[in-house]
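To begin, one chain is listed below as structure tokens, in the form predicted on its own.
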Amino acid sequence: MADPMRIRATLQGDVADVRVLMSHPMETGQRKDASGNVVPLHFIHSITAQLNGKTVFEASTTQAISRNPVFAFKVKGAKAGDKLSITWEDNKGDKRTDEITLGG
């Protein structure tokens, strides 16, 4: 299983400024290993963020994203104590969800 995501959220009024670091190799399918074999395609294809169980952010991505990507977005209507969960899924079916509680 992948390493936990590093999720940081800063509240300013009712807006949460969110940054997420995801540990993932994000292989393009074009790189070759030391033996000259093509490293298979392996990338995050979908990201979802939920605030207290309600989807507030969705993204579809491709293999053109760098290794260990960082995503940033803002969520309006957030407050201290809210639960923010982030889920990613990759093209091999691997999935990871992590959650934080917004601070005040």
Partner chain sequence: MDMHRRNVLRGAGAAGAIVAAAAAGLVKPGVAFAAPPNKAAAEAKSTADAMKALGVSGAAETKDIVIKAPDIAENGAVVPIEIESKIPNTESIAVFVDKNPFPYVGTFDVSKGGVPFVALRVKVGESSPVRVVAMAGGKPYTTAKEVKVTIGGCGG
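Numbering follows the first chain given and starts at 1. Keep in mind the model is a prediction, meaning the values are calculated, not measured.
The discussion below concerns the form predicted in complex with the partner chain, not included here.
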Using 4.5 Å between non-hydrogen atoms, is K83 touching the partner chain in the model of the complex? no
Please run the contact check for L11 against the partner chain in the model of the complex: heavy atoms, 4.5 angstroms, yes or no? no
Do T87 and the partner chain share at least one heavy atom pair within 4.5 Å in the model of the complex? yes
Applying a 4.5 Å heavy atom distance criterion, does S46 contact the partner chain in the model of the complex? yes
Looking at the partner chain in the model of the complex, which residues in 41-78 have at least one heavy atom within 4.5 Å of it? F43, H45, S46, I47, T48, Q50, T55, V56, F57, E58, A59, S60, T61, T62, Q63, A64, I65, S66, R67, N68, V70, F71, A72, F73, K74, V75, K76
